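Take a look at this one chain, the form predicted on its own, written out in structure tokens.
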Amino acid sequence: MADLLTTPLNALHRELGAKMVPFAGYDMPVQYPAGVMKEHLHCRAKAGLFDVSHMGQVILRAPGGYAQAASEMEALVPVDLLGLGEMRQRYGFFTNDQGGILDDLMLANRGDHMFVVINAACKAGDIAHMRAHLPGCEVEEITDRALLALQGPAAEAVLDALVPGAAEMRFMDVAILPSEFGELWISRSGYTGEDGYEISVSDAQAEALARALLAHDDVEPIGLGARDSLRLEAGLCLYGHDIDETTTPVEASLIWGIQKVRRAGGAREGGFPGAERILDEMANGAARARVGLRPEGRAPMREGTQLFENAEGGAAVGQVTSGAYGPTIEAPMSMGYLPRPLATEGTVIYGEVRGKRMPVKVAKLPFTPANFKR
């Protein structure tokens, strides 16, 4: 454990009784004494506080300001960044020459520069990728700020009481707001399907901010276990599991993340790695698709479960990429990839669990409706 990195909230997690596990090279809380089920339901009902300080925070600056940074970044992602409004953010993904996904990320227009949030496990690779391919940009990794997520229907009232102005933000707005915890970099977004915020705060003030948020009766700390079940209910991908270098955005059902201007016939069509394959799949369909899966019975079908077209015989046609019990839906849920002819809602296929094929139905995503404040 000695070589694990820690976040500025490590001591607080331990004080709160967290069970700590290694995750993406960091010592992180997987659950608190309440347990995954209660943490999950509390976040859906009120508000949960997550430590996501392991994620990468990066600022891109260029002599030509945001427009230059956006123009250069558009050569790496199939996203409309030049058309992104000031103090707004978008979801995007780095693609490779084969059309696969190198990482998914959030990209924000902060006026004279771009702010980017990247996944912890891909942090070093993403930063090297940007430094290699954004020749006109200074790529600054922010290493002295923590990142907290406050998620759930009570998040707005709780945060606005501490940081006036937070309630005025809408889904995917970003803001830089003063507070008694120093300057906060806030986005109204998250990874639970609930309304909420992600808050970048200086390392020195992170624990004080976390304690102030947790002092509210509606806020409980939430670990990685419930973070996973919440995002899975919301139908959101986890990099390295549901998406990776071998999955295209079309296969992954993420074409909503590719704006019209970057699609075939758009003003800035293509021009990103793997564009030929991705645009072809958008026109003609991909061979396989990411789908929601609802196993019959109570047992979840976990990552790696092989999927078959029939109850007996035949080779596997796909596999589960994420699976867990859904506390909100009170049933097991999974996501995985299937050939397109089988990827229609209501189709019954079979997952092999402990040598026995069990029926599982292709289901609509998300499993629980999103509650974003648009």
Partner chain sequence: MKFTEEHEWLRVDEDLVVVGITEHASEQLGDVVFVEMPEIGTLVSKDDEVVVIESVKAASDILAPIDGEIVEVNEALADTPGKVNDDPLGDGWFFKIKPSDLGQMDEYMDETAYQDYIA
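Positions refer to the first chain, counted from 1. Quick caveat, the model's predicted, so the values are computed rather than measured.
Another form exists, predicted in complex with the partner chain; not displayed. Remarks below refer to it.
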query: Does Arg302 reach the partner chain in the predicted bound form, with heavy atoms at most 4.5 Å apart?
result: yes
query: Can you check whether Val36 is within 4.5 Å of the partner chain in the predicted bound form, heavy atom basis?
result: yes
- request: Check whether Lys356 has any heavy atom within 4.5 Å of a heavy atom of the partner chain in the predicted bound form, and answer yes or no.
  value: yes
- prompt: Going by a heavy atom distance of 4.5 Å, is Gln31 a contact of the partner chain in the predicted bound form?
  reply: yes
message: Based on heavy atom distances of 4.5 Å or less, which listed stretch (240-248, 293-301, 145-153, 273-281) is in contact with the partner chain in the predicted bound form?
response: 293-301
field: Members of 194-211 lying within 4.5 angstroms of the partner chain, judged by heavy atom, in the predicted bound form
entry: none
